[in-house]
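Heads up, the chain below is alone and in the form predicted alone; it's given as structure tokens.
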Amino acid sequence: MRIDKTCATAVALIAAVTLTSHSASANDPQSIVDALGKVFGSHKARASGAKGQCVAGMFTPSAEAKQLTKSASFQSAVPVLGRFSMGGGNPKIADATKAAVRGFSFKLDPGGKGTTEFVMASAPMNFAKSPAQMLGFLEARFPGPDGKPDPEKIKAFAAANPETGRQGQWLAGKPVPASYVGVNYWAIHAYTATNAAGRAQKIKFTLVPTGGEAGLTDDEAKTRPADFLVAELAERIKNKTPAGFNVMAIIGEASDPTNDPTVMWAEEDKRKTIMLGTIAITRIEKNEACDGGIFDPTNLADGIAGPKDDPMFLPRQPAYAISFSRRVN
């Protein structure tokens, strides 16, 4: 899965960030990584999505995929390297934590023709619309002298930034996922797909579980072991129970915003969708296969482009590189 190249890319990014970073500010990726460390503590895991499991499988494109994009990643069956994760920077978080967003990051690797990478979440919106707002969100949760955050600071920040509560409200209204592959995921940001004829289409990516959604009641969640999700996935694979996703493109309109990942498009859940293919998770992979690099959502093969006006999109790359450097050094 070209782990050496991924690691080399991460090292190059770290060098670039080192040369361009100035004093800590709301727009400095290093300040975000530092803030995550203050909230969740110091450890050698990822600054965010600290707890997770590497997996591998295959992506098989649909016949309709070529109508939407010329990307080499969507033209033929390609290997998938992915990582499921629990949201936040606590590597020991319980799998049944309802307030934590689940994540799925993966790479579609067409063998030297241009890798496409995604970082997805189990909610259709982000919790911050800009790096400055994300930093404020984290700072409001810094522990005080007693080692605990000040509830009044959190309340005041939420009142002044109501959009930061949308993701939490979404998760609170959904059951606890019973499986990493039993919940929908969204790429959150808006993308542009371009086909071989040059036709461009605004889209959002979403993953729909091939085995259907699987949730737990709050009472059922209380009975689950702290680390049940990986065991559940391994059992699915062993029994050849569906363990994967249909990759869907939500079709956008010219008027749809692309600059605020905390909002959904108008009636987004009722939009036309096009199935781009299917991901089948076929094995649990050693975590070293994912920990040797980063999943970079700005790394997109020609035919898929990220948003140019979304302030949360491009900063992901240097922030992930900084986090990578700290967990390998």
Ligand code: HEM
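Sequential numbering from 1, following the sequence displayed. Owing to the predicted nature of the structure, the values given are computational and were not obtained by experimental measurement.
Although not depicted, the form predicted in complex with ligand HEM is the subject of the following passage.
Identify which of 47, 65, 279, 304 has a heavy atom within 4.5 Å of ligand HEM in the model of the complex; exactly one of them does.
Selected option: 47.
Out of 206, 179, 116, 126, which one falls within 4.5 Å of ligand HEM in the model of the complex, going by heavy atoms?
Answer to the contact question: 126.
Based on heavy atom distances of 4.5 Å or less, which listed stretch (266-274, 66-74, 281-289, 48-56) is in contact with ligand HEM in the model of the complex?
So the stretch in question is 48-56.
For a quick test of understanding: in the model of the complex, does each of 81, 108 and 184 have a heavy atom within 4.5 Å of ligand HEM?
Per the other structure, none of 81, 108 and 184 touch ligand HEM.
Would residue 294 count as touching ligand HEM in the model of the complex under a 4.5 Å heavy atom rule?
Close contact exists here: in the model of the complex, residue 294 approaches ligand HEM to within 4.5 Å, heavy atoms only.
Touches ligand HEM in the model of the complex: residue 244 (any heavy atom, 4.5 Å):
No, no contact at 4.5 Å.
Close approach of residue 229 to ligand HEM in the model of the complex, 4.5 Å, heavy atom
No, no contact at 4.5 Å.
Is residue 35 close enough to ligand HEM in the model of the complex to count, meaning some heavy atom within 4.5 Å?
Output for residue 35 is no: heavy atoms all beyond 4.5 Å of ligand HEM.
May I ask you to list the residues of 190-205 that have any heavy atom within 4.5 angstroms of ligand HEM in the model of the complex, in sequence order?
Going through 190-205 in order - heavy atoms within 4.5 Å of ligand HEM in the model of the complex - there are no hits.
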